[in-house]
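Shown here is one chain on its own, the form predicted alone, set out as structure tokens.
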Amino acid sequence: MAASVVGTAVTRVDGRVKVTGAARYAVDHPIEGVVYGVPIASTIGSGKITAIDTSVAEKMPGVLAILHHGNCGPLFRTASPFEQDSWMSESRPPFEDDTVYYYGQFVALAVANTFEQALDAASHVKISYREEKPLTRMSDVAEQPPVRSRYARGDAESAYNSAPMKIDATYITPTETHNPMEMHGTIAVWNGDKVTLYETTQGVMNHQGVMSQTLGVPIEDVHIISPFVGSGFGGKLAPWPHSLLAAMAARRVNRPVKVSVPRSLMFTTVGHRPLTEQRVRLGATEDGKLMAIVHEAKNPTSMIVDFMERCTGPTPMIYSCPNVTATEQLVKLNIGTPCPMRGPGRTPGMYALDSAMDELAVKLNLDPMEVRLRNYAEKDESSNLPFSSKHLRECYQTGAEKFGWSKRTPGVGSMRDGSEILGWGMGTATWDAYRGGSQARVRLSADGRARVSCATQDIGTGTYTVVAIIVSDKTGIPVERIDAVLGDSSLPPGPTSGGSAATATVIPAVAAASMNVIGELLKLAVITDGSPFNGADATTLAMSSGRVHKKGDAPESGVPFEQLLKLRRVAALEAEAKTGGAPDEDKYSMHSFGAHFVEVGWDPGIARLRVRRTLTVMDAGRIISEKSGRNQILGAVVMGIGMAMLEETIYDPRNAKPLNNNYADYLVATNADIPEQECIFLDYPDPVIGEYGARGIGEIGLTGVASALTMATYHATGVRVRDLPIRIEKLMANRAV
């Protein structure tokens, strides 16, 4: 039997169409007769629209319509805004009323025959406002916000007060903007009462559900097409106002309408990771055993939606401690609505908690890893459940050995390489493991190819490759002869690509559908004239290496599946399957774990801080596609470098206008910032989550990077950065070396 391709370095099956430019993203589809919609955004942070003068714009060449709250048809709210298949990023549809809640809110849409005509028309729409003083910073809100989420065990306050060793520090992460390579965009096409939307979305099925409800159209009359997504990082999990505007405009002008969100408005209208302010108090014994954790987190949200970042999610379970209190608060401001961003909650949360653990290690004069090992949680103390699979201790140990951690000298500035002072840091990574429900279809064709289809989507993470690998593993058909079809709501329903759950959710359905179609093939083999298995018992047969053969015999002794189909004179066989969550998920705590190790170089002579190398060790279940998985982790680490050292959306305090709403001023990690990187997968299958034991890895690679970098920076410079990003001016103002 041929070796399985699971866990090997399979080249992405969609790679060729991407590198040759053949892959069509949302606004790339060549739709005949398409016209263009250009959104007009508010220029105030709070107030009312008093007048909209469209007289000049409407007379301009090529203009088809200027839509706004005073002349557009109704758009509806979703009935269940926080349930799967009906979650909209902003619960208020665009143009619902004359209220302005944040700077950059869409207040009108110019529609014209060409993009240039629409852009020109938009610039000639005159909007008058009655401006009100906006709330743009959490300090603008005088009253203490209520606690929205609370976890408690033991008596953390008393334990903290009685602890001989204490850490009390506040950590701040700034607003971060997703900025995927592909900006948000929609092409809407009506055919009678039916609408097709070419989208960039992380949730094809959710998008269909939302558009059905908000447009007032039966769900079977809404078709979402999203074959390729130029990443989303959480910002494309649910529809944003531009998608509704495209559909509304297309229905009004009876033409296909394309609406693209420009880069500048990507900073206001399609979400962001909100600023977080986190106070962490640790109480410990003199030998470093935790007695108390008090974690208090606060983040701003919009006037439209209460979005909680949930920074304290990992706090009750990641380290062993008898007394834990974790609370979350929200402050409503006149800002665009925040939304999940890669590793929501846990990414800023682990930065704060792990930074405090490092400060405790320094205070105790202990190795940072030793402090974590002394507080290693053998079970999930928040639920009192065993972990389905946990090898975090091995992550620490493997990483330390590979990185050379034993050579680390603890003194600040004590390690050098030429003119550079070296700093070493490490951090803990974690993310929830989850498996939901999915359907899939597998088809075997007489031309010797297989087809797997599901209405999930590939957001650049390798889902096309993963589903092809599973079909190959079950049938033995080579990956290059398997066509994966995703990103279309007409296919069997599949999961949203979010929460690092798509892989674990879709592969059980693909595996089951593969086995079902194999079952149909074996039935055909025993009833087909001319088949060497005619009259045999189907249960004595098997399929491997793309051939049907007797169980126990070598595949080479059998018959290629396409030959059996041709003998039967059928074009193809296909079967579907529907699977749900992990059967015993309520009996276990399911998470992935990992450890990051980072080396920075600090050259005080030229005030340069750079990341020299990183090593990540991951315990993320079985890795289905090694090459795609490695890319995911290394990409997440790069994003972590951006979070720790570069990224910060800066708002004008007068109206919350993003001042650096472009790639020139909003800094992201580029090739020059990327160090030598290495990733190691422990590859322990999770026995609870499913047959393959695979857990999602899209987000875990980001958690723990920022704290490892700030630890390394402290080790090199003596400066403890508690408010990200690490800036040279912060190091210069406070440097000890």
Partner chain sequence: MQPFGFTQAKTVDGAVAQSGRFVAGGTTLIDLMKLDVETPRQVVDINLLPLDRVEAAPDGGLKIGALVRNSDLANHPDVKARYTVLSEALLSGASPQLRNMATTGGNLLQRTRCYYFRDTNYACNKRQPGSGCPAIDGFNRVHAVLGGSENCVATHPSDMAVAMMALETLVHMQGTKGERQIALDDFYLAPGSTPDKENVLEPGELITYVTLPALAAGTKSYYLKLRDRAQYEFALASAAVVVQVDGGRVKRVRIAMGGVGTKPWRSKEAEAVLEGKAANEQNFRAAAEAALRDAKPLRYNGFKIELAKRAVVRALMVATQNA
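Residue numbers count along the first chain shown, from 1. As the structure is a prediction and not an experimental result, all values here were calculated from the model.
What comes next is about the form predicted in complex with its partner chain, which is not displayed.
In the model of the complex, its partner chain stays beyond 4.5 Å of every heavy atom belonging to residue 50.
In the model of the complex, residue 727 approaches its partner chain with a heavy atom inside 4.5 Å. With a 4.5 Å cutoff on heavy atoms, residue 58 does not count as touching its partner chain in the model of the complex; it lies far away. Looking at residue 668, you'd find a heavy atom of it within 4.5 angstroms of its partner chain in the model of the complex. Look at 496 to 504, 456 to 464, 603 to 611, 624 to 632: in the model of the complex, residues with non-hydrogen atoms within 4.5 angstroms of its partner chain sit in 603 to 611. 650 is the sole member of 219, 141, 570, 650 with a non-hydrogen atom lying within 4.5 angstroms of its partner chain in the model of the complex.
123 is the sole member of 170, 539, 557, 123 with a non-hydrogen atom lying within 4.5 angstroms of its partner chain in the model of the complex.
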